[in-house]
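As a starting point, one isolated chain is supplied in structure tokens, in the form predicted on its own.
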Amino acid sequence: MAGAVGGLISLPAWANGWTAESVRSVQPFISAEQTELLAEMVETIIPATDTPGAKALNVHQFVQKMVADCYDKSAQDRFKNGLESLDSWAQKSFGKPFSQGDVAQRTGLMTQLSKSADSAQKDFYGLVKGLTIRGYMTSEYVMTNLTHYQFIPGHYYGCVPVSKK
């Protein structure tokens, strides 16, 4: 029972300290244009500051891999529909495709999606935001350079001198 619960809680093995190579899909389930759009969306959620942004860390590849490997077909379809609709939502909101909007316009659209009465828009935004944060925080860069993560149990000293008192 405890093993089953642990298996449900834990991420796939590739999802901790992942790199672009470890999450690269053999057969991507979204188009190259949708991948670029997803990259712009995750960069809007976590932009570059004095640390790399989500796009620079290839978090969009993590999001794509998680949706492809860990979500059912209906969730994958909702994800693809959300990406297909993102540009039309951007056209309605600020008159340009999402990737051509400035930071304020993109952020405004994200805020609209998060507060939308349409559950499809709100669910799509929630899915991408949650996976973006998870992907960023479990990336190799963040785990090694910012959180200084050490794999449990940490250091093991199997043979140490013992002093007599």
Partner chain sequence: MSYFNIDAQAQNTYDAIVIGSGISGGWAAKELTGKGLRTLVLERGRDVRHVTDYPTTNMQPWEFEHRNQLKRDIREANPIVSKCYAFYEGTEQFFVKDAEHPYVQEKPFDWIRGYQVGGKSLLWARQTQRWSDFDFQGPARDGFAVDWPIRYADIAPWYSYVERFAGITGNKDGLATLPDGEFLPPHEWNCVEKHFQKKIATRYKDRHVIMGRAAHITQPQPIHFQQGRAQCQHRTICERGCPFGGYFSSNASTIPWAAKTGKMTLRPHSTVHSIIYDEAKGRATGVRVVDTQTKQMHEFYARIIFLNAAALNSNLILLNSTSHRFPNGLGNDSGVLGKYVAFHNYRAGISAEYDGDLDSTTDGRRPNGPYIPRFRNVEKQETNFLRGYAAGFSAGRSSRTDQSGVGADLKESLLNPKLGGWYVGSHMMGETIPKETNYVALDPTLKDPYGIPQLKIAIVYDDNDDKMVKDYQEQLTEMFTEAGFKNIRVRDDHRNPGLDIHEMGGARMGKDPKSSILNKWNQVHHCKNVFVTDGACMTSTSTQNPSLTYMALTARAADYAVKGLKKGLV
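Numbering follows the first chain given and starts at 1. Because the structure is a prediction, the values reported are computed rather than measured.
If you look for the form predicted in complex with the partner chain, you will not find it shown, but the lines that follow are about it.
With the partner chain omitted here, the record of contacts in the predicted complex names 65-73 of 65-73, 31-39, 116-124, 94-102, defined by a heavy atom within 4.5 Å. Under a 4.5 angstroms non-hydrogen atom cutoff, the partner chain in the predicted complex has residue 45 among its neighbouring residues. Contact annotation: residue 56 falls outside 4.5 Å of the partner chain in the predicted complex, judged by heavy atom distances.
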